[in-house]
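Take a look at this single chain, the form predicted on its own, given in C-alpha cells.
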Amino acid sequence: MIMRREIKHFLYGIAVLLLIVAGTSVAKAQNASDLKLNEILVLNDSNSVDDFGMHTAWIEIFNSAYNTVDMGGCYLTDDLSNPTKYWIPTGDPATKIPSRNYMVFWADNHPTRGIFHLNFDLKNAKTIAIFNADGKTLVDKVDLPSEHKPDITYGRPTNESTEWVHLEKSTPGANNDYTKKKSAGESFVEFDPYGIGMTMIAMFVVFMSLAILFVIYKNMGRFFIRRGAAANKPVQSEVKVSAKHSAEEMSGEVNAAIAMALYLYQSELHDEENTVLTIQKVSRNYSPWSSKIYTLRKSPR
C-alpha cells in the first residue's frame, strides 16, 4: 500500500513537471517582447526586390530570443496614434521567426500581395513601431531620420546595439554585423593559452558528476531499503496475528490428539523382514523350470 502511494506521488510529480515545461514553452513561443526592429530601407532604387520583382521599401525584424516567436496577431505601424494599422494574420507558419533569426516586411502599400506586404509605405514615415497582439503594448519602435540616401539602410550595427546608424551594407534577412568574428575556441585560447583553465574545468565537471551520482545512488538505495522494510512489515504482523488467533482457537482435545499422534509415530515398532525368498507351494507337482533333467549334464561316454 505504501509502495503504491509512493509510485502514485512520483507519477503525479512527473505530470506536474511536464505541464509546467509545456506551459513555459507555449508561453515563450507566443512572447513577442523579444522582437526588435533591426534594419529599415526607405529609398530602394536598386536594392533587394520583393517576391514580385519590385524595388520597394522594407522593414527587417529580429528575434532576439533563443526560442521561436510567432508574430501572428501583432501589429506594424508608421503612426503611433494608430497602433493597429497593419495586423499580421495568425495561423500561418510563415510568421514564426526562429531563434536569433530575421523577418522582412515590404512597405509597398499593397497588402493584397501577401501577408508580408504592408498597407503603408515609408515615403513620409517618421516612426516605425511594433505593437503586441493587444494593440496597446509597445514592443519596439524607432524614429527615422529626416533624410535618407538611396539604397542606404538605417539599422543597428549589431544585434545587441541600441544605437541606430546608416549602415555601409544592406543585409535584409541577415545579421547587420558582417565583420569577422573570433570563434569561441579562439577566444578561449587567448584567455587560457596554456590550458590550465580548461584542465580545472574538466576536473571540476568530472568530480561534480561523480558526487552527483554518489548522492543519487545512495538515496536510491535508502529508498528501496525503506520500501522493502515497509512492504515486509505488514506480512510479519499478519503472520503473528494469525498464529495468535490459531493458538487461542485450539482446544485441549485437539492438543491431546496431536500429542498422542506424535507419540505413536515415534514409538511405533515395525517388523523387519528378511530378504530370503521361499516357495512354499507350487501350483503343480511338475514344473519344467525345476526339473533336474535340464540342470544335469549327461556323462560323457
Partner chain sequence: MGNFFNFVIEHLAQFLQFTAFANMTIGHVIMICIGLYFIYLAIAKEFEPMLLIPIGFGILVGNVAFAPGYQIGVYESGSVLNYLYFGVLQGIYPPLIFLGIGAMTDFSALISNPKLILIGAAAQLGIFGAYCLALALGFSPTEAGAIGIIGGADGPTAIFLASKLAPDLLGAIAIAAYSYMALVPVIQPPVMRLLTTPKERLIRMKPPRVVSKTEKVIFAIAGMLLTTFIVPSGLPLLGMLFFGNLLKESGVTKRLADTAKGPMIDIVTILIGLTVGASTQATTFLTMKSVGIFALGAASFVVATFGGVMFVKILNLFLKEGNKINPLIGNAGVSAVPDSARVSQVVGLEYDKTNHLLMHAMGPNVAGVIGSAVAAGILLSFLA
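The structure displayed is predicted, hence computed values, not measured ones. Positions refer to the first chain, counted from 1. Only the largest set of C-alpha atoms that superpose within 1.5 Å between the two forms is called the rigid core.
What comes next is about the form predicted together with the partner chain, which is not displayed.
**Q** Pick from 167-175, 88-96, 101-109, 181-189: which stretch has non-hydrogen atoms within 4.5 Å of the partner chain in the predicted bound form?
**A** Partner-contacting stretch among the options: 181-189.
**Q** Even though the partner isn't displayed, in the predicted bound form is Lys218 close enough to the partner chain, meaning a heavy atom within 4.5 Å?
**A** It does: once the partner chain is placed as it appears in the predicted bound form, Lys218 has a heavy atom within 4.5 Å of it.
**Q** Indicate whether the partner chain has at least one heavy atom within 4.5 Å of a heavy atom of Gly135 in the predicted bound form.
**A** Taking the distances in the predicted bound form, the answer for Gly135 is no, it never comes within 4.5 Å of the partner chain.
**Q** Looking at the partner-bound form in the predicted bound form, is Thr158 within 4.5 Å of the partner chain by any heavy atom?
**A** Result no; Thr158 lies far from the partner chain in the predicted bound form.
**Q** Check Ile212 for me: does it contact the partner chain in the predicted bound form (non-hydrogen atoms, 4.5 angstroms)?
**A** Output for Ile212 is yes: heavy atoms within 4.5 Å of the partner chain.
**Q** Find the only residue in Ile152, Ile201, Ala229, Leu80 having a heavy atom within 4.5 Å of the partner chain in the predicted bound form.
**A** Result of the distance check: Ile201.
**Q** Would you say Ile152 moves between this form and the one not shown, meaning its CA shifts by 2 Å or more once the core is fitted?
**A** After core superposition, the displacement of the Ile152 C-alpha between this form and the one not shown stays below 2 Å, so no.
**Q** Superposing on the rigid core, is the CA of Met220 displaced by 2 Å or more between this form and the one not shown?
**A** Yes.
**Q** On a core-based superposition, does Thr199 travel 2 Å or more at its Cα between this form and the one not shown?
**A** Comparing the forms between this form and the one not shown, which are aligned on their rigid core, Thr199 does shift its C-alpha by 2 Å or more.
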